[in-house]
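In the block that follows, a single chain appears as structure tokens, in the form predicted on its own.
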């Protein structure tokens, strides 16, 4: 459970609902479970224990934090850390699932692969499968309540001159604009920025969706503003030319050359159509769902911050905000709930030569790599559980059927929704006063929790308020979640020669990955595939997007291309893994400093999707030979598999 609760704003007094500071909130947020939102906000930000996982370099202001937005803000607030600029790219309430493409690496033991070290490998040749990262599936009410709490949390850690840029799209954008008006004040609304881009799209009976919205608010009247410029357009008789005094706008008129004016360019407008989406083949593309281009963040960061200021992204994704902040000599705070985001950002910043610390907030998120995957697995992990049992409300995850005792409805908190993480009085009240009275012929219900807010108080509340004969059994979900991740196994040999230590990995076993690959193979065998490796259904639903990211339209022939792809079939080729399993390894790191506690990466290699080695952050054209060497004696070894699971073993 949380260690303590921290007020959102310092002027909140005991017993005063924080929402009373905002005059229109009760009219604005009349949604399902709205009273629960008031209670949570009045109670404050939940503060959890934090563990430092790893340090790189000596800049302790730069932070990568695994945890949810509200938990991270509680930690920042408790440590008196203020941020000067916030950019967030939260879920868009689009109803879409987002997946990471997982690539099988080249096996270093296969001689043919090493022989091809000097050849370019086509991406289409690589074997891969997709792993769901998170589901952007919300009802409007739940999404807006969730977003409201996040915005209040973020505002509480913003400096007086800070700005926030909220990146959203047409699904929910105008509702979020109303929330921003409420939280930050209409008078502090600075711009609605349109980011327009080109993309392939399937045939549609509506106009093509080809822009996102970015809402810019400042916290106060004084805020950082650095004018940005776009180049003068070279059209007709007008052109630009640079002389010893700077860049000038010129014009030819009646054969004469006239100097019009000097300047840095045209002042930037709120319509940005000069920044394309990250193309799937671009150098900065990381095969990360919803990744945004560095140029977009560069413009925002230059506009609303100065060097040495702190830039924060509380839905950090692929780490583009942190990377660009580093490049522009700003400090950064990257927050995300997913371990893949933390790993992607960590590797990206390490390669860029950045210094930072990685923190893990013990708010329940650390118990699973990915909440979507865990929710999918829970039904199989609880004996006898039937998911979505007919006759039960959506409150119940499912039910356990006992032949002699009937059904036991089961409540499991949605791991994608932070409001369900702590089993508290609001949830308990909903259980006993709304859910239990509607159950017929039920003797017992089972309630799982991740955290519980004062268990003895909750149990007393349930006993007093339960007017039915139904027994309520509380169970700790952490005991189940501990069984979710079956740790990978590794076999290796250590040798030492003239002060050089070398570890050769001889075998790697990942039951989790093998299960996923088997599921992929079974699905592929049952479902005919098109030439590009996707099923017809997947092509139909793709809408010209890759991993949920619109692709830049290069030739305008997308409809014909998609139709042609559907007509070309090829036999499904299952993914086969060698006995040594080395192609399932993505990253190896050696700690020659610590035997326990904070990880110190004294030597590391990463294998990219083409099989090439990234050696201590530097890209090479060498294939991995299953070895890693160090001039110091390794004490621990960390191995990350291609899906992001990490294991640590003492050497």
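Residue numbers count along the first chain shown, from 1. Bear in mind the structure is a predicted one, so any value in this text is a computation, not a measurement.
Below, we turn to the form predicted together with a small molecule, even though it does not appear here.
In summary, among the residues 583, 68, 54, 604, the only one with a non-hydrogen atom within 4.5 Å of the small molecule in the predicted bound form is 68.
The contact residue chosen from 145, 318, 303, 156 relative to the small molecule in the predicted bound form is 318, the criterion being a non-hydrogen atom within 4.5 angstroms. Among residues of the shown chain, residue 360 is not one whose heavy atoms approach the small molecule to within 4.5 Å in the predicted bound form. Put simply, residue 337 is close to the small molecule in the predicted bound form: some heavy atom of it is within 4.5 Å. Though the partner is left out of this view, residue 216 does not reach within 4.5 Å of the small molecule in the predicted bound form, counting heavy atoms only. For the chain shown alone, residue 149 is not a contact residue for the small molecule in the predicted bound form, no non-hydrogen atom being within 4.5 angstroms. Only one segment in the set 323-331, 285-293, 265-273, 465-473 has any non-hydrogen atom within 4.5 angstroms of the small molecule in the predicted bound form, and it is 285-293.
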